[in-house]
Structures are given as structure tokens and as C-alpha cells.
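In C-alpha cells, one chain follows: the form predicted on its own.
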């Protein structure tokens, strides 16, 4: 027997962006159903929990928005570190951007995936959002008035048919929705791998996010509480594979050398993880009664540290546009969705150019481009006005 459910919005995918979408739209008094692979048994992390290797750099604008959703109040702030400054090295020059240069309290913050995920799930629970777990999407059909999503629980064989005005596809880089609707992607394989791990630093990090740019080789050490730093080291896949074979002690020495001993001795804490780097952008951010958000719409190089912020900005724009709709207006209307697509494509295209351009400039062996990069950093260091503009762009 098929269980039929009516909703205003169905959100497919319960990662950070999908959870945020479910919360934001529910707070607008819309009936939201969230489709999740699974729901965590524990919605809060014990104080003794190991530090998560997967961390995010959130902008103050995103923090403010999460506060407005009553999510930030559920975050364990003892496990969050502010970013007071960014120090970048590359092309034999360096650039230091400080929050105080733009009269800001901070440039951003570093938070663990598990900490933010738990806070979002707590809010979803508090709102009483309908969550369907352990069910696989099988089909999408349309009527004149809505979109219908078919689901099947493989274990129990229970079947569901959800009728809604809009599907928010937040189902990741391998989006089932995107493939089902034959929405193509523009794809670039960087032939690079990012290695992530946490280290205890001998010297205080002073809440500075540090980044070293070399040829197709970017190392970031991001501040964490308790004198720790989160490492993201992006480099050619073959080199990454060699690093992944190293012992904890030898890897620590390699990171220390690459960071010019800036933080003294480093001691590996926890596990080392890795993931391949790609740039992928959906050719359309919308389809009939469907909107793509987060990794389902775009994936970018981590060197800019903006991936999750970009996804949250998708939801911020969708919610802002939705909030302006009149009561009788259809949230799945094509004209409404086109407004969303126009607004988000500009942001995503700009970020794609930024990350691809940085990788090219710092990798270039051509003298002209290396001089351009060097002169650029030197000029920015001398111009407080340019610094302020860069900082404002970084925190938005």
C-alpha cells in the first residue's frame, strides 16, 4: 500500500545545506518534509568527543543568518574558533588581512562538521519537521498543480508518494534528482587531492588562518580551540598518495616544513582523511518545480574556503525570495525559480573564476604571471582601502 503525503516543500538530502533549507522554509510556516538517508541517534556531541577532521570556515554573514534561525544558539561554542586574521604566502610575497583593518570583530570562524550538524538536527526536531529516513527516491512525476516524488523503503518495502509544490534538491554532488531530470554539469577535475587532519601546535596560532600557495599545492592551517589547527593540504593526487603513506610523526614533520615552522612542532591528533578535488556546476540551477542547492548545484575548490558558505547562501536567497511571496503565490512557479537561478548563478560563477584563477596564477611558470601575482600581493599590502574591500568580500 502506498502512503500518500501532501506538503508545500520536499527537501531531499539532510546534509548541512538541506537541513538549513528545511529549517528556513518551516520557519516561514510552510509544510516541509525532509528526506534523509538516516537520522543520527545522538543530536548532541559529548564534551569528550574526538575532534572532527572535517571543519568549515563560516563567514560572519552566515553565522548571523544561522543565529536568526535559532540554530547558532544550539552550537557548542567551546569547540568553535574565531578567525581574527588571514595570512597568505605565495609568489615570494605575503598578504595579511586583519579583522581590525575593516573594523570587524572577526573575519569568520572555524566549526566542526559534527558540531554544526548536531545543532541543525536539534532545530529540525524542535520544529517538528516531518523526516522520512531509510527511503530511496524512485521517481518524479508531475500533475498540473504539483510535483510528486515516489519513495521506497527497501527494508520494509513501504512505499510513499509525496505531493508538493517544490522539491529542494540538496542531495549532493552525485544528485539523484539532477540525474533523474537529465540536468547536465560542467565538470573540471583538478587532478588534486585534499588531505585533512588536526594538529596540536607548539606555538599559539593567535586565531590566524594561514595559507601557503605553491604550484598546484595549497596548505591551509586553520585555528581551532585548545591550541590546535585544522589542516587542509591540496596537492597533486600522486603526491598526496605518498603523503598518506607516511607515519603520523613523519607527516607532522612534512606539514611543519611546508608551513615554514610557523607554529613550531606539530603533533597529529586523530585521523587523516582525504578527498579528490573537482569543480562541478549544474548547467541549470532549477527545473520544473525543482531547485538545486549546495553540492547538487555546485562544487568548488576548497582553497577559497567558501564551499559551505556558497551552499548556505543558496538557501538564504531561496528563503529571502520565498518570504516575499504572497500567501496564494506558488513557490514552485517557474518565474519565482528563475529569480533564484539568476541571483545564484552570478555568485557561483564568480567563485568558480576566483578559485580557478588563483590555482592558475600560483601554478604558472610564466614570468609575467608570477610577477603579476607578486606585484598584486605587494600592492594590496600597501593599500588599506583595497584590503577593506577584500575583507568585506570575504565576510559576506
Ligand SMILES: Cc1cc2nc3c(=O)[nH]c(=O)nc-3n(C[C@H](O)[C@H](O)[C@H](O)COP(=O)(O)OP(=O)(O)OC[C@H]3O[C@@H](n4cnc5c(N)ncnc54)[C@H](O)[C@@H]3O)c2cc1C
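Positions refer to the first chain, counted from 1. As the structure is a computational prediction, the values presented were derived from the model and not from experiment.
Unshown form predicted together with the ligand; subsequent notes refer to it.
The stretch that touches the ligand in the model of the complex, counting heavy atoms within 4.5 Å, is 52 to 60, out of 341 to 349, 25 to 33, 328 to 336, 52 to 60. At a distance threshold of 4.5 angstroms between non-hydrogen atoms, residue 90 is out of contact with the ligand in the model of the complex. Contact annotation for residue 308: at least one heavy atom lies within 4.5 Å of the ligand in the model of the complex. The ligand in the model of the complex is not approached by residue 9, whose heavy atoms all lie more than 4.5 angstroms from it.
Although the partner is absent here, residue 167 sits far enough away that none of its heavy atoms falls within 4.5 Å of the ligand in the model of the complex. The partner is absent here, but in the model of the complex a heavy atom of 137, alone among 251, 240, 95, 137, sits within 4.5 Å of the ligand. Not one of 5, 160 and 291 comes within 4.5 Å of the ligand in the model of the complex, counting any heavy atom. Shown without its partner, the chain has 12, 13, 14, 15, 16, 17, 18 in segment 7 to 21 as residues with a non-hydrogen atom within 4.5 angstroms of the ligand in the model of the complex.
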